[in-house]
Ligand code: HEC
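Before any questions on how it binds or moves, here is one chain, the form predicted on its own, in structure tokens.
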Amino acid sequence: MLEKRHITLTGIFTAIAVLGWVFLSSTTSSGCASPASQQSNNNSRPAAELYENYCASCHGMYMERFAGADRQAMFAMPQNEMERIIREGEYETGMPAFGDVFSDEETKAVAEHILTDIKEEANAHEYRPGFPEVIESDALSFRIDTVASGLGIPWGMTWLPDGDLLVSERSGQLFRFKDKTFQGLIEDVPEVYANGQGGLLDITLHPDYEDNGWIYIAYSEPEGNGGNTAIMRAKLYGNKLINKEKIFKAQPNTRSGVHFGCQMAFDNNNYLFFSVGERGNPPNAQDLSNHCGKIHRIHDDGTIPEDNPFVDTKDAMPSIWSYGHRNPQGLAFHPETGVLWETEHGPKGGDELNIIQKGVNYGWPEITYGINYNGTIITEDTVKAGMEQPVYQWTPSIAPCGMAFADAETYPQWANDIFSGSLSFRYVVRTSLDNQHVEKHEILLREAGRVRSIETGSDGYLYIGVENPGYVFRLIPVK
């Protein structure tokens, strides 16, 4: 087993002040200006504290998870309906129930807090940060160069040989940019199950794209009463997808709107590796008879490699490479060693950085460093025989999303460091490695926004995609 790296960031996150709100750590108490946020005489906890501790990691400090019509509809919701959703949860969107965690008065106060305080701040808050002209990090100075805007949730990005940037939008649109200018939408993209966290997900080119023209698109495919993660390959003719071939579809279908995965990465032998989340049903991750909660490996045409670890295992899905995963949303090969690294969302605490190995069980939900969102215990076990430990784990959760290795020529001071995004805390994490151990961790670009995607572009620069309003920027070293 890998040596365990248990990192906690409580010293960093004991308090967060945003636009005059003082949010609470687990050992402090304060209020907010709205009556909904005041602690009443029956010892109910303040609504702002409850929202930060139980809601913000998924929804954002200002409900940044929602955009456009979805945001307008959410803020226009009657308060009694908002209270019902908080109390009972919603399976299809992945919203957990808090009826056993919040008192009736606390449920009412949180609903009012969302529909008054957060609505007001969300409408007034400018999400795009005002970074200084030159940003100093521990090892390198750099500046921000915005290359794409007008987006909502930029889930994936890739570059054509002529330098054009393709950006997948979770709502189901595929954007094309050239020299920072919007060139139009790509037509005939696959229909998506745009429910909760599902939609148009990752996008990548075949390593031999210039010879074969294959583009790979991951998406949540609607099928029956629900859907699941699928992968299609297609070719681009002008601004239209042609020769579309679906090469993978996860089973079983479910109405759940959470934990689709899906990140893709090709290795040097043109095998396609990709992640599928456990779709909000934790036992899926330990069950080899379904695709969920796994990392998969297939040929570039969707056929199954004969040396996959479970090809000869009765009832097992033959595409499985590793299992016991919750919701992996970072996947990349080390540019020098060829080792596959992954980040995945834990529940409340216990986000993981893993090295992915053939046939290995990563433990979810039998072992975890996290707890349920409502504070209940999932398991007392963090270690079990036959289950791999994370190289690194984050508690509290940062909600890691997107992952790339810094190009050694473009950023010699950051050579082969891992860059990950944080949805919860709205920043970028730089992780320096000593062989296969974490040597150092640095937080960059605080308040960048909900960082959804990170890729190394064909020009060697690191590209960062941020949600609502969505934009893509790159990091330019300053000599």
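Only the largest set of C-alpha atoms that superpose within 1.5 Å between the two forms is called the rigid core. Everything numeric here is computed off the predicted structure, so don't read it as measured data. The numbering used is simple: start at 1 and walk along the sequence shown.
There is also a form predicted together with the named molecule; it is not shown, and the following applies to it.
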Q) Taking the partner as it appears in the predicted bound form, which of 183-191, 87-95, 208-216, 303-311 has residues with heavy atoms within 4.5 Å of the named molecule? A) 87-95
Q) With the partner left out of view, is H59 within 4.5 angstroms of the named molecule in the predicted bound form by any non-hydrogen atom? A) yes
Q.
Since only the chain is shown here, I'm wondering whether M77 would be in contact with the named molecule in the predicted bound form (any heavy atom pair within 4.5 Å).
A. yes
Q.
in the predicted bound form, does Y373 come within 4.5 Å of the named molecule, counting heavy atoms only?
A. yes
Q. Using heavy atoms and a 4.5 Å limit, would one call I114 a contact residue for the named molecule in the predicted bound form?
A. yes
Q. So, F66, M82 and F102: all three within 4.5 Å of the named molecule in the predicted bound form by heavy atoms, or not?
A. yes
Q.
So the named molecule isn't shown here. In the predicted bound form, which residue out of I418, A448, I454, C55 has a non-hydrogen atom within 4.5 Å of it?
A. C55
Q. Which one of V110, A285, I398, L353 is close to the named molecule in the predicted bound form, taking close to mean a heavy atom within 4.5 Å?
A. V110
Q: Determine whether the C-alpha of A76 shifts by 2 Å or more between this form and the one not shown once the rigid core is superposed.
A: yes
Q | Core superposition between this form and the one not shown, C-alpha change of R297 at least 2 Å | A | no
Q | CA of L174, rigid core aligned, shift of 2 Å or more between this form and the one not shown | A | no
